[in-house]
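One chain is shown next in structure tokens, namely the form predicted alone.
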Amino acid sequence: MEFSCEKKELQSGVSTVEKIVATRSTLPIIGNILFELSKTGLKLSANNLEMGIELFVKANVSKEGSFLLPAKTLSGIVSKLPDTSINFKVGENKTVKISYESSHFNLHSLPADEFPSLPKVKDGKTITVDAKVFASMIKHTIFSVSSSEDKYVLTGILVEFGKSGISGDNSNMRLVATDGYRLAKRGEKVVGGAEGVSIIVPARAMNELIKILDLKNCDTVKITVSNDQVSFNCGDVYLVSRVIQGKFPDYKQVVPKKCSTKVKINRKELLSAAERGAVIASGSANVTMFEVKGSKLHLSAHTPDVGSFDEGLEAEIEGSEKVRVSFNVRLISDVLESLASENVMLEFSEGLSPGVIRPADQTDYLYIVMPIRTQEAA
């Protein structure tokens, strides 16, 4: 078995699949990367039994075959190689000689037949969506996923196709994520959506998919869904993951039907003020007061023995001008950082009703954040 390829191509492929490799497992074999050499080139694969990936690397294959190399060691070597052509040759003792210019490494390989094969999602429903749109949908929701394994069903993103059921929402594809304190929903109108499909995709799989979509210049993503698995095809990359079993909360129940005050404000100015307020609020569980005063939105925070913060921002106010509600300012900053719109619309109600943030020029995105009960609010 022998092949050669450029270092840049090799490093791109190895670094992508290496992220999937399990660092700790009772099955040591999955700590390796699978090399498969054929007439069409080199295919690299990794499988951690929850998620798997395979991709093709441009290579000149002299002798076909397959073998395994330890992912961590291989990745470390490849990252340090010079920017030149790299040659791989497997000897009779299964040692892989990695040579370049006048230098070489020798690595011990393992037989490929012991490596668990990647599942192919068959007999499922397939939907093709625009790659840039899908990447944007993930980025607008993934930060709201729960990091707690106690809320396992919330550690993924709900992907659903079909009619929304929410007034004014004409999307037929939606991504929804929540951790119980906030909820992000992004909808799109896609061609050929699979009616009635609803799955929960682990956040880790979605994170890896974002990296692939940002790296690969592909126009579309083909999503194939079965009862327990989902796969994503993007160009020459195939990513497959188990889906999270369980019932996702009925997010439609928490969407506020009305509000008493709407505030249109510059997104960057609000984000900057929120970040300044967080310096003080970090000492008091990130609690920050949002208060409408005349034509301004005031942000204020106070931490005993540290100090206080107050900043007024020019805004367009519609409705009641007497609103005072506290939020975890970190949850506000998260959504403002993910959006690209110039202005955002904040929707508040009296008492402890959820707050809503939307891009002022976009109707397919909704962010709901729960308020915090404070003495001032009481």
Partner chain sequence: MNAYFASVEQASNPLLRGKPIAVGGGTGGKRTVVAACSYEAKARGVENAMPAWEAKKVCPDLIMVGGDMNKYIHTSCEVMKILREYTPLVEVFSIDEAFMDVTDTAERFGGAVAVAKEIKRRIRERFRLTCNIGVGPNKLLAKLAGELKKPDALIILRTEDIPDKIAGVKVGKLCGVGRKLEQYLAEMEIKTCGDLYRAAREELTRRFGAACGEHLWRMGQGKDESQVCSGEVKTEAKSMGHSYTLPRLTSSLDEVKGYLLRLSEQVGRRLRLGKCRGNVVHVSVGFDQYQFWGKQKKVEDYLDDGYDIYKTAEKLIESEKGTWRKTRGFRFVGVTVSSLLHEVDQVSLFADNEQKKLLAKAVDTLNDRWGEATIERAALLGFVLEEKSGMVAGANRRISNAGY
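Here the structure is a predicted model, which means the values were calculated and not measured. Positions refer to the first chain, counted from 1.
The form predicted together with its partner chain exists for this protein as well; it is not shown, and the discussion that follows is about that form.
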Of K97, K151, R204, R276, the one that lies within 4.5 Å of its partner chain in the predicted bound form (heavy atoms) | K151
Within 4.5 Å of its partner chain in the predicted bound form by heavy atoms, the stretch out of 204-212, 238-246, 142-150, 105-113 is 142-150
4.5 Å heavy atom contact, M370 and its partner chain in the predicted bound form = yes
Using the partner position in the predicted bound form, report whether T178 sits within 4.5 Å of its partner chain, counting heavy atoms only.
-> yes
Give a yes/no on whether R182 approaches its partner chain to within 4.5 Å in the predicted bound form, heavy atoms considered.
-> yes
Quick one: does V287 come within 4.5 Å of its partner chain in the predicted bound form, counting heavy atoms only?
-> yes
